[in-house]
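One chain is shown next in structure tokens, namely the form predicted on its own.
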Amino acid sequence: MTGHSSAACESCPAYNQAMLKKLGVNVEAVDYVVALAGNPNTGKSTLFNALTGLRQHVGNWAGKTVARAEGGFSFNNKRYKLVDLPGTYSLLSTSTDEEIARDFILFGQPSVTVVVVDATRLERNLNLTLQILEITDHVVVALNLIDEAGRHGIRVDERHLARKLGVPVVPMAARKMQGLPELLQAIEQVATGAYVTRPHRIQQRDPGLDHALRELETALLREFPDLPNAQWVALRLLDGDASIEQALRERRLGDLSRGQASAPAADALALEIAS
């Protein structure tokens, strides 16, 4: 597996401990937090079980009836917390599952997000992958079910895919425990900054949209200076994401981002978006 090495890790990803605590995830005595994301039926749960073994438990997301599975594993004397996010097809927050996955990745800022994709249905799975790459740089793609793909005559060039996505892509067959050592190595490299990702992002937008996006991003950062990936939040607001807009109107966006905004400022920003 190829990557871009970094002599120093001055900007290694640091998870948002306060936000994760609000979500009900205990990260005490943990070096790194890893989110496990993916479409339903990609083998995500199988991979979760393979990585955590008996070191796992199930609860509910804070304030939700949706089940949350989390566990732990160690690798090279470092302790990892693995959180299995609800299986979703997107992060557009049209459902509770999508909202949970989005908030965890965006506001929880896990050290690494492992996106599990089905090698037999890669095109369908890449929609979620590309959305996650818009939110976070710290991604590893687990190209699962390569054994099934082979039986169907499907061959995926994982190196070419890694170059296109700008993040590590690890071929594997989780139920056969194939590819686990390589996946653990990739997680470690991204978590420590030894592999500097260059995630695929949308490069060209309509000039008018770009202008509105910059103005809204500036306004968001003025009121919520700690907001992670303000550009993505601004884009979702411009696209009419009701859950993000509601969080802004109810002053919950500041809680999620660790920033604080006064009620009048948040109301003014909400009115600016509505207009």
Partner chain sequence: MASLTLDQLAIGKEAIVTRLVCTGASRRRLMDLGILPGTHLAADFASPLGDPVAYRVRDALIALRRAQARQIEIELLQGGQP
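Numbering follows the first chain given and starts at 1. The structure displayed is predicted, hence computed values, not measured ones.
A second form of this protein, the form predicted in complex with its partner chain, is not displayed here; the remarks below concern that form.
Open item on the list: Taking a heavy atom within 4.5 Å as contact, would all three of Arg79, Lys81 and Asp226 count as contacting its partner chain in the predicted bound form?
Closed with: Spot residues vs its partner chain: no contact at all.
- [ ] Find the only residue in Gln185, Thr192, Gln178, Thr120 having a heavy atom within 4.5 Å of its partner chain in the predicted bound form.
- [x] Contact check passes for Thr120.
Task: Touches its partner chain in the predicted bound form: Val196 (any heavy atom, 4.5 Å) - done: Contact check for Val196: no, nothing within 4.5 Å of its partner chain in the predicted bound form.
Open item on the list: With the partner left out here, check for me: in the predicted bound form, does some heavy atom of Tyr89 sit within 4.5 Å of its partner chain?
Closed with: Output for Tyr89 is yes: heavy atoms within 4.5 Å of its partner chain.
Task: Residue contact check: Glu99 to its partner chain in the predicted bound form, 4.5 Å heavy atom - done: Glu99 lies outside the contact set for its partner chain.
TODO: Indicate whether its partner chain has at least one heavy atom within 4.5 Å of a heavy atom of Ser74 in the predicted bound form.
DONE: Result no; Ser74 lies far from its partner chain in the predicted bound form.
Task: Residues in 160-194 with any heavy atom within 4.5 Å of its partner chain in the predicted bound form - done: Heavy-atom contacts to its partner chain in the predicted bound form: nothing from 160-194.
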